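First, one chain by itself in structure tokens, the form predicted alone.
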Amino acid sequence: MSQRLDIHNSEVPVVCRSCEARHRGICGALSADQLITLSKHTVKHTLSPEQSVPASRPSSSNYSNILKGIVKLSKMTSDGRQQIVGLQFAPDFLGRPFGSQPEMAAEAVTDVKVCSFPKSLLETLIAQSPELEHKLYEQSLRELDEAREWMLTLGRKSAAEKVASFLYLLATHADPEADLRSDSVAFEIPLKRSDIADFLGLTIETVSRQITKLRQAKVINLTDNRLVEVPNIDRLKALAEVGP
């Protein structure tokens, strides 16, 4: 029986070879021929902080993969207030195949690279590839699990646990190439203190106070209020009360 040719064991399009997210993203489920078809209609975008992400609007005709950086998802209340409802990282997929897009803004909070492609083409590839459909279901279920975990964070955890949970989220997601087997992890906090407070349901003063306490307890090292080093990721995880 012949071996199935895919992104890991065959020639792939040049545009895909340098893709930072190709091994863990949805494209890893496509055959070489399907990748060639997709690459012919692919456009890469580089976004600066606060720029809107393509494919985030309900009227958009495209989907996107995050290749690098962090995207915040937010909704506006009727009186104009913003509520951050989630963060997405490489290699997350932005879009909702075969369903309407929710009224939600997706905005870069760091320098972001995304790969965009037509909705109609991806939906055709989904029909041809059960593996691709399975990948998309996996991401949807993962996002559901993360949303439920965040409901617990917002509803039941203390201020200290909330801030530790936020830092643990960044430590384990911000760099897709990071070796999480290592005890030490370093990353930049991409959000302003006001955005962190909004995301966690805390005041700016409480966020700053809890970060200071973590630094004084040597759970984190902080440089210029942005660069965080976590000497022992397990210790941060324990303070965040993150389950197995």
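Heads up: residue numbers just count along the shown sequence, starting at 1. All values reported here derive from a predicted model rather than from experimental measurement.
The same protein has a further form, the form predicted together with the DNA, not shown here; the description that follows concerns it.
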- Task: Work out which of the listed stretches, 64-72, 195-203, 25-33, 38-46, brings a heavy atom within 4.5 angstroms of the DNA in the model of the complex.
- Result: 195-203
- Message: Check Ser208 for me: does it contact the DNA in the model of the complex (non-hydrogen atoms, 4.5 angstroms)?
- Response: yes
- Looking at the partner-bound form in the model of the complex, is Thr77 within 4.5 Å of the DNA by any heavy atom? no
- Query: How about Leu121: is it within 4.5 Å of the DNA in the model of the complex, going by heavy atoms?
  - Reply: no
- Task: May I ask you to state whether Ala159 is within 4.5 Å of the DNA in the model of the complex, using heavy atom distances?
- Result: yes
- Query: in the model of the complex, does each residue in the set Thr212, Arg215 and Asn225 place a non-hydrogen atom within 4.5 angstroms of the DNA?
  - Reply: yes
- Message: Could you pull out the residues of 117-133 that have any heavy atom within 4.5 Å of the DNA in the model of the complex?
- Response: none
